[in-house]
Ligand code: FAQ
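Here we start with a single chain on its own, the form predicted alone, put down as structure tokens.
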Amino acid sequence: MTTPRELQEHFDRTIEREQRIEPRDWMPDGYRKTLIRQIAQHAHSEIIGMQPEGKWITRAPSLRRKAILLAKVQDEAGHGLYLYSAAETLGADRGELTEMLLDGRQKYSSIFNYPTLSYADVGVIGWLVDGAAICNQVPLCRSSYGPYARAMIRICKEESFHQRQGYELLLTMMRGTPEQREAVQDAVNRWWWPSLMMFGPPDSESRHTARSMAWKIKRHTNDELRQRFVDMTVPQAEALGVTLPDPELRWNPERGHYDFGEPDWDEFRRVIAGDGPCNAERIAVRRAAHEEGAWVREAAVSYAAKQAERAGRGGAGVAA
């Protein structure tokens, strides 16, 4: 009989060898809980993240732009479903995760608590927010937990396409009227700092990073990912013709990276605590959608039960 110590040693060796932990493998309770928390937060973010851009689908300036935006919002819904499914492989219940979100016991990304004030915001979300998501999520394709890593492969491919779509929209607007260029710059000014906060608190304040990296759930610290995002984005901003709203932003030849200012971490903590511009609105919309969709879930469960019952009767008849 395998002892708890032997199970732990086998788990540690699997992590050390860069191999994957699968749902039926033994894993420490802390590993399981950390994964459920991270994957659920990620799933919640994808579903809540449909709201800021979704409100612009009917107001997009052309049928082409409406179709593009509709397809993107649908992709985000799919990402949420992949991730909830990954959480379920750990024994989590999707309904319970949703209830935990609605009553404040689980979080979603702080970035989605900011309003979309103009159509330019749609492009900036694609460029900056999805760009930050790519920096954060591509390393997760090598996460030590198999179902999470495999889900991230498809999600990252689609997020990369979303980022290019957003950038293309901004390029088009920057070649347009002075009012369009002003709208783009205004959106960049409003979304830049929240985008930097997407990576989480500074490493000195992060409670989960060290443990997640030891288990190879995460591969980089929050500050490392934030730096990577800044280094990637500055040349894109220059090509686009917009100014990033950070007077401290400059190339540091000694470090080989861009220096940049400190985000307002007090604001970050307020938003995470529920005091952002759109926190209440986002949860209210999510709660309404959940309640209004109850009959669909009930109908699906009833249909599945009837199908199983019919299959059982058919099997019994054949056996007889």
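Just so you know, these numbers come straight off a predicted model, no measurement behind them. Residues carry their position along the shown sequence, with the first being 1.
Absent from the display: the form predicted together with this ligand. The rest refers to it.
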property	result
Heavy atom of each of Leu117, Tyr119 and Trp191 within 4.5 Å of this ligand in the predicted complex	no
Option from 175-183, 244-252, 91-99, 126-134 whose residues, in the predicted complex, bring a heavy atom within 4.5 Å of this ligand	126-134
In the predicted complex, Arg164 touching this ligand (heavy atom, 4.5 Å)	no
Arg37 within 4.5 Å of this ligand in the predicted complex, heavy atoms	yes
Distance check, Met198 to this ligand in the predicted complex, heavy atom within 4.5 Å	yes
Ile272, heavy atom within 4.5 angstroms of this ligand in the predicted complex	yes
In the predicted complex, the one of Val234, Leu240, Cys156, Leu140 near this ligand [non-hydrogen atom within 4.5 angstroms]	Leu140
Candidate from Phe260, Trp56, Phe268, Tyr31 lying within 4.5 Å of this ligand in the predicted complex - any heavy atom	Phe268
Partner contacts in the predicted complex for 46-84 (non-hydrogen atom within 4.5 angstroms of this ligand)	Glu46, Gly49, Glu53, Lys72, Glu76
